[in-house]
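There is one chain below, alone, in structure tokens, taken in the form predicted on its own.
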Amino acid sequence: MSGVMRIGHLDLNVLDIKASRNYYVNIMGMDVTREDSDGTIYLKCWDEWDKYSLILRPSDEATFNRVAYKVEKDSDIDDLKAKIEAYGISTEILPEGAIPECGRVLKFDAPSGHEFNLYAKKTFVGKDVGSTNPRPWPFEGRGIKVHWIDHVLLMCQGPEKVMEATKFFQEVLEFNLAEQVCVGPNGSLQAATWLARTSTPHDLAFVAGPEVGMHHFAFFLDGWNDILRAADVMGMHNVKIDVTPQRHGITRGETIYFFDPSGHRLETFAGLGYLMQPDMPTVTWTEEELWRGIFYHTGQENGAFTTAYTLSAYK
């Protein structure tokens, strides 16, 4: 077993830290759990138990830095370091505390071109509703009250990079391939893949595009009524909505796409979709049904949806 459990946190650069703080706290409903002297803030959702799931750094560019996944135990760091390096990818171990509130961190660049971090320990703070006789949701709170950060979709430079990254995450980190979009001669190229380590349809996805970056990251909500309420909250705050409430064919998720003040695309993703298990047959979408897979109700192309996204920060 690879030991990878779930997404741990995302690290982004934002243009206006004050506006970003107000947005994620008062509209999304997150809490600031740490603030550094350089203005960097760390936030968590009410249904998460570790110290933070989102890092926002003040910058003059709105870019993607890295994504971290949590592994089950500290010894997994050493095991995965050996596996990743045997695959031909160089790694670095950051000491405890190098990433605030975290234990040792395994750092590497995936074949997709994105920086990934793996860690086993992060300061525990608990859910907002506690763990003894908990309420089903916090009566207190603000805005949409998102549960947790559910997944991230990353952009790769072309189908070849999607395929390289997918192969690495399947073979080395033991992610399972839930769904794929196949294009080209006889569907021989994977233009997009959805990969899972948990029982949800995806914890990570890759899509082909012109530049390396992040298409979106998603917050989990319970169901369709929560999606509609989220849209109401966005309307009340003049949030720029990219795609109004829809259903995906791919993953079956109920969704809204929208933007934060820096232009990062976000998603509220509701419902289980389906039970993802290692023995579930991979779902394949063909090139001619691509847009039905993305937006099931309309099945219509939205060019900006695949061309506008957050670029990775230059190293």
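Heads up, when I say rigid core I mean the largest set of C-alphas that superpose within 1.5 Å between the two forms. Counting begins at 1, following the sequence as shown. The model shown is predicted, which means the values in this text are computed figures rather than measured ones.
The form predicted together with a further copy of the same chain is left out here; the points below concern that form.
Exercise for the section: Look at the candidate spot formed by 124, 254 and 292 and say whether a further copy of the same chain comes within 4.5 Å of a heavy atom in all three of them in the predicted bound form. Expected result: Looking in the predicted bound form, the three residues 124, 254 and 292 all sit within 4.5 Å of a further copy of the same chain (heavy atoms).
Exercise for the section: Please determine, with the chain shown alone, which of 208 to 216, 153 to 161, 110 to 118, 135 to 143 has non-hydrogen atoms within 4.5 Å of a further copy of the same chain in the predicted bound form. Expected result: Checking each option against the 4.5 Å cut-off leaves 135 to 143.
Problem - Candidate from 90, 75, 188, 238 lying within 4.5 Å of a further copy of the same chain in the predicted bound form - any heavy atom - result: Checking each option against a further copy of the same chain in the predicted bound form, the one that comes within 4.5 Å is 238.
Practice task
Could you check which residue among 172, 233, 183, 98 gets a heavy atom within 4.5 Å of a further copy of the same chain in the predicted bound form?
Solution key: Checking each option against a further copy of the same chain in the predicted bound form, the one that comes within 4.5 Å is 233.
Exercise for the section: Determine whether any heavy atom of residue 51 comes within 4.5 Å of a heavy atom of a further copy of the same chain in the predicted bound form, and answer yes or no. Expected result: Looking in the predicted bound form, residue contacts with a further copy of the same chain do not include residue 51, since no heavy atom lies within 4.5 Å.
Exercise for the section: Give a yes/no on whether residue 166 approaches a further copy of the same chain to within 4.5 Å in the predicted bound form, heavy atoms considered. Expected result: Contact check for residue 166: no, nothing within 4.5 Å of a further copy of the same chain in the predicted bound form.
Exercise for the section: Verify the contact flag for residue 70: yes if a non-hydrogen atom of it lies within 4.5 Å of a non-hydrogen atom of a further copy of the same chain in the predicted bound form, no if not. Expected result: Yes, contact at 4.5 Å.
Practice task
May I ask you to check whether residue 296 falls inside a 4.5 Å heavy atom distance of a further copy of the same chain in the predicted bound form?
Solution key: Close contact exists here: in the predicted bound form, residue 296 approaches a further copy of the same chain to within 4.5 Å, heavy atoms only.
Handout entry: Flag for residue 302, CA shift 2 Å or larger between the shown form and the other one after aligning core
Key = Passes the 2 Å threshold, so yes.
Practice task
Quick one: in the predicted bound form, is the Cα gap between residue 258 and residue 303 smaller or bigger than here? Answer closer or farther; it shifts by 3 Å or more.
Solution key: Those two alpha carbons end up closer in the predicted bound form.
Problem - Cα-Cα trend for residue 303 and residue 255, given that in the predicted bound form the distance shifts by 3 Å or more - result: They are closer; the C-alpha distance drops by 3 Å or more in the predicted bound form.
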